[in-house]
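Read the single chain below, which is given as structure tokens and is the form predicted alone.
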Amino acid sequence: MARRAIICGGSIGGLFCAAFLRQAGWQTIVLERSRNELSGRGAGIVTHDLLVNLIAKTGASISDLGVQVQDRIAFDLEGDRVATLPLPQIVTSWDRVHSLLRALVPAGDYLLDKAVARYIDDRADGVTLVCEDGSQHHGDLLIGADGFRSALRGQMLPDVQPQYSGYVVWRCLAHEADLPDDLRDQVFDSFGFFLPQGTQILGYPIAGPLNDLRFGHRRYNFVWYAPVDGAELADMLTDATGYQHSITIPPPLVRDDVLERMQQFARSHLAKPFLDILARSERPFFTPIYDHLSPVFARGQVALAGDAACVARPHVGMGVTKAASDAEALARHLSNTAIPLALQSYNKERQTASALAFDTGRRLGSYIFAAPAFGQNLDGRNNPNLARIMAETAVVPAVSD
């Protein structure tokens, strides 16, 4: 009889786990806490060759995966180009990758509205997951792919908590058809940067709704890292009713006055092309940047993967690639080895690789706020880390042999 894995989390990381374990001969069931099918609000994903290869390895199609850009371009405050780095890369969307992987899960093996209450790890008889609705699911292995606020990690490693970085990321999307021709020609076909010291912005094209890649139907993904201290963050996480959300706030609940303060800051700090895009975008939203690294990725019959195991700051675009790599390694080690030994090998391989991604994300984040102090070198021309940021944010950190 095939071994059975219970996967908590129906986002991209959980779907990668299901795809690779099924290829290794496992039965899988995916449990997602949301009541509705997931959507990434069109968020962009920067792919690396490793990620593209892993998507293909699941059996999903990589044709029409996203938009091909050829160069990385840095702009100054007025919108003039100050640096160009030839670097072909595919940029895609969360929705596109999720839909490709979601189609690989058979009907009945993906259950919504299944929030985790706790698990019971009986190593002689497998592991049992208890959901908040009272249902129980038993298997040989339990995988926590339930995000950086993982309920499974909370039980396994209660002392491991995400740490706030001191800045947030503002995101929004602008439709290609809403951009004037001169602005579209200036920014749309490249991976763009504005790199003053003390803040950082980047943007790139992604497909339109339903993966529409036709000229004029695509969207521009706007990403802005901005400093926010703890007191200001608490205010930003408070909705119009006075309720302060923990960790993050649903985008529709961000107060209008918070958005207006962001717009005022943008008008004095953003390069003109990005300011023009912001003015034509959908409603922006923000996410505080946290990171964490679990000291172990497996214990007993339970394994952690993706953001549940480690969140690295997003400057390398490693989140999805790291989750896919976790899933592939887990299935590979489990394919021909007893579970305890397989999880030991998985932990050694992926905790080491994730620690490198974690450290790299922190280092790249430090470039944003490096001396001189915030408020200097705001034109985007004189950042001593400009070339380094453009190059290093495109490279997956590799563990040396």
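Just so it is clear, the model here is predicted, and its values are computed rather than measured. Quick note: we count residues from 1 along the sequence shown, nothing fancier.
Unshown form predicted in complex with a small molecule; subsequent notes refer to it.
- Between the options M318, A298, I206, L101, the residue in contact with the small molecule in the predicted bound form by a heavy atom within 4.5 angstroms is M318.
- Contact with the small molecule in the predicted bound form, defined as a heavy atom within 4.5 Å, holds for exactly one of H292, H137, K114, H269, namely K114.
- Screening 339 to 347, 357 to 365, 24 to 32, 59 to 67 for residues having heavy atoms within 4.5 Å of the small molecule in the predicted bound form returns a single hit, 24 to 32.
- Residue contact check for R171: one or more of its heavy atoms lie within 4.5 Å of the small molecule in the predicted bound form.
- Using a 4.5 Å cutoff between non-hydrogen atoms, W94 counts as a contact of the small molecule in the predicted bound form.
- Using a 4.5 angstroms limit between non-hydrogen atoms, A145 touches the small molecule in the predicted bound form.
- Using a 4.5 angstroms limit between non-hydrogen atoms, I12 touches the small molecule in the predicted bound form.
- The three marked residues, C8, G44 and A151, each reach the small molecule in the predicted bound form, with a heavy atom inside 4.5 Å.
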